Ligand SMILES: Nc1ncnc2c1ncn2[C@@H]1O[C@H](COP(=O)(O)OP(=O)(O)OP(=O)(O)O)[C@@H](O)[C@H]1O
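Next up: a single chain in structure tokens, the form predicted on its own.
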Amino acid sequence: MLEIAGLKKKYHRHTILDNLSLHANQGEIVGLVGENGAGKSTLLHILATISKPTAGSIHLHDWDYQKHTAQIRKQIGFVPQDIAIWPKLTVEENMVFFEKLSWQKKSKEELKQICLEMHLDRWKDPAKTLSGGMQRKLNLAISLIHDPSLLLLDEPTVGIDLKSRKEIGAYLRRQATEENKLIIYTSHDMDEIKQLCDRVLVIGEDSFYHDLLKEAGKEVVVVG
């Protein structure tokens, strides 16, 4: 369970997030939308403990972000927009490398199974030879090595083919419903947001996203 209260983020004199509050439960896929510059990536970076808020409080499973940072980081999987893999290493070598950095250890068979569940079966191939969709699957697989309870995804399917997007979406749905993970998901693809997410948080007061998602029957919360 994630609780955010009165969150604010300022860069010099520019306010990015202002008095943002939300509550999200395990097993949910929560969409996060808004105009460019509204603060979506900023919020994900704060939730990933990469950036600190100017004001407000955040709790994950009753842990305070300021007081229990080490425990919280063990619970977070973060996939940024930019693909963060070693292109010259194989899929197997990438998974083994990042497993060694993880606090939770897994065998090669367990690592391979994570990939196979996402239809990433090119275990011995260098990452640079993979399609964009396969590379994004590998990026996501790496974030799941330590079995996080909160998964933060910043445009994880941008620029990839429809088949890969649907496979990633189906996998994320299983992670939410079967593994009880809370997933927060940004995307500019409104069809993807409408199909995948249980509810949607709109950052900013632009009525475009609010009206569009309401028409699709989605629960919409304007958060800042």
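Numbering starts at 1 and runs along the sequence shown. As the structure is a prediction and not an experimental result, all values here were calculated from the model.
Not pictured, yet referred to below: the form predicted together with the ligand.
Only one of the listed residues (Ala48, Met190, Val30, Ala38) places a non-hydrogen atom within 4.5 angstroms of the ligand in the predicted complex, and that residue is Ala38. Proximity to the ligand in the predicted complex, defined as a heavy atom within 4.5 Å, holds among Gln104, Ser131, Gln113, Gln81 only for Gln81. Across the proposed site, Ile16, Thr42 and Glu155 without exception bring a heavy atom within 4.5 Å of the ligand in the predicted complex. The candidate stretches are 166 to 174, 193 to 201, 52 to 60, 30 to 38, and the one lying within 4.5 Å of the ligand in the predicted complex by heavy atoms is 30 to 38.
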